[in-house]
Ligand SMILES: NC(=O)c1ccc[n+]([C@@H]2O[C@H](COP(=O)([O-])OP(=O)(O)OC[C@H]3O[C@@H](n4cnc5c(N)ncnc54)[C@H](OP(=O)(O)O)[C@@H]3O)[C@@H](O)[C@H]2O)c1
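Have a look below at one chain only, the form predicted alone, in structure tokens format.
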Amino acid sequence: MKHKTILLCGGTGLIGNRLKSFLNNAGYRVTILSRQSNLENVPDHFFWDPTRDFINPDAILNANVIINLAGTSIADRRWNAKRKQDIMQSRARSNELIYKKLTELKVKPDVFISASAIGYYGNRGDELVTEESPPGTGFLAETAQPWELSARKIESLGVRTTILRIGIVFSMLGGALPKMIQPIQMMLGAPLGSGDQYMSWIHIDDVCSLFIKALTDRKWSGVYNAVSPHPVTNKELTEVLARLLDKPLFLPNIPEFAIRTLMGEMATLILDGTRVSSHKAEKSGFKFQFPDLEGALRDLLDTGKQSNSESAQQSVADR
């Protein structure tokens, strides 16, 4: 399937930017579908607005593969009723719009891959959940279910469809990891709440490789968990990070009530736990480059140091 055109929806976010590089390096032509209207005149960028049921018709017409990562961020501001509605609708509505436009085409794409999230399972304690586990309860589970149903509509058009339930993505360029590192570097790090809640994480490069596996392996259809083989508790993660950063942990756990007071309902993102299995992906032939937490964090921290060094050298050169 090399050299075919991939339409990457939501391709300007954390995963999208990295995935685009992976796809380009693998020999694919990547076009981007974005809600940023200022990118309309950039080559291979197209505008869409699912809230207005609009998509540039040229974007979808020549796509052999469609990957949809689109969705309003769940973690950049506190949740209120409107924000929660935006989060939920932005996901299902984008898939619905793609489905609608595909029904108008005589020639359909070969593959459709939709992001989802392990929020589908809700707060499950130390239960090990698989793709066959029932959905949980709470806002994140209520968001993921219609999100996935909207993706399955595209499958009804005869398009091979894969849904990746993505865990906590670790990258130095954004997401959760830099926010976890900052208080530890300031020697203010501590486990959150009980610290016993499971965090099903994944290195950003493994996420991108999973998308490529779903793209290239025709046996991949249906739902796959996009998490590392070794989920850890919040306490374990905090301790490993502190050791790698060579910083002490001497503060008591941050109490749950304080986190809920600060974050409101959004506190569920860090206080709820989900222990998610990656067995299906591994059994289906996927090999993780970073299966273990320490190796993944070492790679990311080393990459971050290298990027900072290169930026500093460039800054000096520009003076």
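This is a predicted model, so every value here is computed, not measured. All residue numbers refer to positions in the sequence shown, first residue = 1.
A second form of this protein, the form predicted in complex with the ligand, is not displayed here; the remarks below concern that form.
Heavy atoms of residue 280 never reach within 4.5 Å of the ligand in the predicted complex, leaving it off the interface. Contact annotation: residue 159 falls outside 4.5 Å of the ligand in the predicted complex, judged by heavy atom distances. Within this chain, residue 259 is remote from the site of the ligand in the predicted complex, having no heavy atom within 4.5 Å. Proximity of residue 64 to the ligand in the predicted complex: non-hydrogen atoms within 4.5 Å are absent; the residue sits far from the partner. Looking at 111-119, 149-157, 191-199, 240-248, the stretch with residues near the ligand in the predicted complex, meaning non-hydrogen atoms within 4.5 angstroms, turns out to be 111-119. For the candidate set 168, 215, 172, 184, a heavy atom within 4.5 Å of the ligand in the predicted complex is found for exactly one residue, namely 168. For the partner-free chain shown, 10, 12, 13, 14, 15, 16, 34, 35, 36 of 6-39 come within 4.5 angstroms of the ligand in the predicted complex, judged by any non-hydrogen atom.
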